[in-house]
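Here you get one chain, nothing else, as structure tokens; it is the form predicted alone.
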């Protein structure tokens, strides 16, 4: 492949960016262009558990206290170098010395405390707080310049793992979510965000770790999978982390891998007629999952019965996949109607544009299947900002019944990062409430890692499955396209994080 156009094949806009980094044409050749399916609606690191933010920010601009290996779920040091449980409620965390934030501020106990408190501030709806620490009340105490104690209201036996989700922001960032200039300790510093066009980062010369090869990254946004794949093939981009099955056609450039995403339709069980379990079961019987596999979805996806992938301890393998049985779906709807349930009520199927490849086509297919058995469904596809607003509490009081397309990423090694958030009565994205589920979450969360904890989570998943609170779909397969000029292999983490520091050049 020839690299002659606009400083070694980079788009023209990247040429101007090269002036921001040292090294001229050689540096320009080491700027990585990443083409994403969704633009961030915010760029605050406390939203880094959302893929449209995390792919840019996490472990690039901001780092975490511990690092969770996505393959093994084991934790290793990052900004924290050690941890010790002092008693049932308190962990002592030792911090790395000699670390600077991008704005020159020191990373120490005081700044770590400030960053944690910023993320967990109840006045901000930061997704890290809502998703990872939603039912955890904790306080941070400075012990000395490089030691903090973290105390929780209830025992948290896997707190060091939980800290692998906590992005550490600079002490000079604005105190509440919404900062448009993120500052962290990562190998790349934020340069600028031009909404609708690009996000630029540049290598941080003061980084505490090894200096990466790539001198910067440019993130651009294209909704169409075919366009993203074509841009990498033409040398206009280097990495397309999320392309559709039908576009992954080049064995030299395309990588397929089992990722950590689980897809579903969330059923709002608080709204009629979705509050009737016969209606919810009918929805699951109505979906011909086998017809979706190998056509709209990869032939390698796995039917889901749990919100977490099978590799996560606590996944319940005994749960059965809903069979396709349109006759049963019609029978259940007829029974519900005879009992006075208004099954003819219009139900909105709310989808998110670009949430995964072929997202619109998937919703169209399921809309047809639900309609065929007698549901009155209306399909509506929206952008990510509107989708998030509807997906997360507080919900509109005057809302009608909604089936909302969802995709959940958990490569963090424990169901605690999924179940409270999605299914507890007080869960920030939960549309269901069941005492048995809540009691099970409390029990599992307080149990030490091991067989007993796994069994406790399996019991919770069995109850969730029994309640039929989702239209269950698939554990997903991801496809990424990488330009041959790079030595970079996508993995399970690429779905939510693209670690530019791992990029080498051929």
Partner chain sequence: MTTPTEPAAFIPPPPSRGLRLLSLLWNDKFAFMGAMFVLLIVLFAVFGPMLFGDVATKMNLRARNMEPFTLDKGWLFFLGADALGRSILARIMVAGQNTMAVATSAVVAAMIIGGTFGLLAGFIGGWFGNVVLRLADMIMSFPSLLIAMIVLYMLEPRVENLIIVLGITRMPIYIRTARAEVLEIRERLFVSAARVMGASHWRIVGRHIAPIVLPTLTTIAALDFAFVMLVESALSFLGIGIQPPDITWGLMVSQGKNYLQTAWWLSFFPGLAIMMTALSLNLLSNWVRIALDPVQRWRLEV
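Residue numbers count along the first chain shown, from 1. Given the structure is predicted, the values throughout are model-derived calculations rather than measurements.
Another form exists, predicted in complex with the partner chain; not displayed. Remarks below refer to it.
Student: Would you classify residue 378 as touching the partner chain in the predicted complex, given a 4.5 Å non-hydrogen atom cut-off?
Tutor: Yes, contact at 4.5 Å.
Student: Taking the partner chain as it sits in the predicted complex, is residue 249 in contact with it (heavy atom to heavy atom, 4.5 Å or less)?
Tutor: Yes - in the predicted complex, heavy atoms of residue 249 and the partner chain come within 4.5 Å of each other.
Student: If we define contact as a non-hydrogen atom of the residue within 4.5 angstroms of the partner, is residue 307 a contact of the partner chain in the predicted complex?
Tutor: Although the partner chain is absent here, residue 307 would stay clear of it in the predicted complex, with no heavy atoms inside 4.5 Å.
Student: Using 4.5 Å between non-hydrogen atoms, is residue 299 touching the partner chain in the predicted complex?
Tutor: Although the partner chain is absent here, residue 299 would stay clear of it in the predicted complex, with no heavy atoms inside 4.5 Å.
Student: Does the trio 284, 334 and 436 actually contact the partner chain in the predicted complex, every residue with a heavy atom within 4.5 Å?
Tutor: So, no: the whole triplet misses the partner chain.
Student: Using heavy atoms only and a 4.5 Å cut-off, determine which of 226, 321, 86, 338 is in contact with the partner chain in the predicted complex.
Tutor: Contact check passes for 226.
Student: I need to confirm a contact call. Of 147, 345, 295, 152, which residue comes within 4.5 Å of the partner chain in the predicted complex, counting heavy atoms only?
Tutor: Partner contact (heavy atom, 4.5 Å) among the options: 295.
Student: Where does the partner chain sit in the predicted complex: which of 98 to 106, 309 to 317, 360 to 368, 275 to 283, heavy atoms within 4.5 Å?
Tutor: Going by heavy atoms within 4.5 Å, the stretch is 360 to 368.
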